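Take a look at this single chain in structure tokens; it is the form predicted alone.
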């Protein structure tokens, strides 16, 4: 059986991470294909929110407005183990969480991919083997038409926490197994229970024994529950209606009546991260690279932001614009971000244990979180707005490595942002197919080189004279040699 060689990149997994990556590759004209083992979208809501930084990145591409059209609510705050976090302390047009089920995000991303003529999504194709050599990667899959081999220059595993790609590579996944088991379900409840009807942040109440009920609209609720009985159930055992019904707690003195279980799944507080995000021509993203307790609403956002970081870099390498070493910055930048999320979710897990000593600690931490400085620090962590990448070799500047709010990069190119009078048009000319010269909205005289993912790669007071060498070096490092 001869392999199909029509692709530059094979993306394994059609969740939010894989679909975001495929759209990013499509912006650069990269020939990609998405493989998904499920024959069709499940429609399961799963994750429920977009954090402010994810909203900024979607807006940067012009994709946020159609996503907002599918959203259910806007939540004006975040939370750390149920303790409110204010997002309005940041310079962002989106100081809130977008309440939207994951299924709707996936639906938009796949529709956009099809409308733009991007990567085809091949459903019902399960990866069974991966082999790579100096020239590319061969993926063996089983699909509706039987076994098949696909050949591409690169492959990205975005195939979830039990990633076959990661296992085929033999990449270590250190961390710890789950110590506490819970169930997540979308349920339809009768209206006669006096239940809240508007979306809201989860609250923590030790009397609930780890149960949370979050309204999603149309009598549908996200129900999370744990308890001693859950610790005795096998991780892969189906969740029964009787189990869900027994876990429902009284609301206003009345136990809600269960009408339907839309879907249900078991999860744990397992916390693991891939030792490396790149192995030769194969890379890992999303849950394939990290798993953690779904605390604070970070999981989907972490994966989508992985994809935004990786997409433009992989496209530049595929198109011969940048050396393969650019891909090493993907691990260097995103692995520490993953470490931070695993750390904060483990801390949140401890803070939600209904133990008297933990509750005493929680009372003290609640007082600390109310302090503006502490609240802002945690809000930056949970929202993604506090991410700042190290940029070795670049001149020091307050913006270096940070996100650039308000920048629009719909075509996936970078931008040199500054006052037109300060713009080094001649210096930039060899990179104009990859970097646009954009006037700053506030007339700031500083020049800021913004990467396609919206982060600052270089900043200075001008682009002339002594600034030429450092700006030219930054352009070459992030966008390849000039034409």
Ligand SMILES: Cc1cc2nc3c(=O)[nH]c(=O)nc-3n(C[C@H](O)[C@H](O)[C@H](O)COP(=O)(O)OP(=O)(O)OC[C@H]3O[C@@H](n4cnc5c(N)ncnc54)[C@H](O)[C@@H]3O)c2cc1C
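Please read these numbers as outputs of a predicted model, since none were measured by experiment. Positions refer to the first chain, counted from 1.
Not pictured, yet referred to below: the form predicted in complex with this ligand.
Contact annotation for residue 78: none of its heavy atoms lies within 4.5 Å of this ligand in the predicted bound form. Contact check for residue 353: every heavy atom lies farther than 4.5 Å from this ligand in the predicted bound form.
In the predicted bound form, at least one heavy atom of residue 267 sits within 4.5 Å of a heavy atom of this ligand. In the predicted bound form, this ligand sits within 4.5 Å of a heavy atom of residue 127.
Of the listed positions (405, 136, 294, 84), a single one reaches within 4.5 angstroms of this ligand by any non-hydrogen atom in the predicted bound form, namely 294. Distance criterion of 4.5 Å from any heavy atom to this ligand in the predicted bound form singles out 160 from the list 349, 401, 160, 143.
At a distance of at most 4.5 angstroms from this ligand in the predicted bound form, none of the three residues 305, 333 and 480 contributes a non-hydrogen atom. With this ligand left out of view, the stretch that reaches within 4.5 Å of it through heavy atoms in the predicted bound form is, among 46 to 54, 25 to 33, 447 to 455, 431 to 439, 46 to 54. Annotation for 287 to 305: interface residues with this ligand in the predicted bound form are 287, 294, 297, 298, 299, 300, 301 [heavy atom within 4.5 Å].
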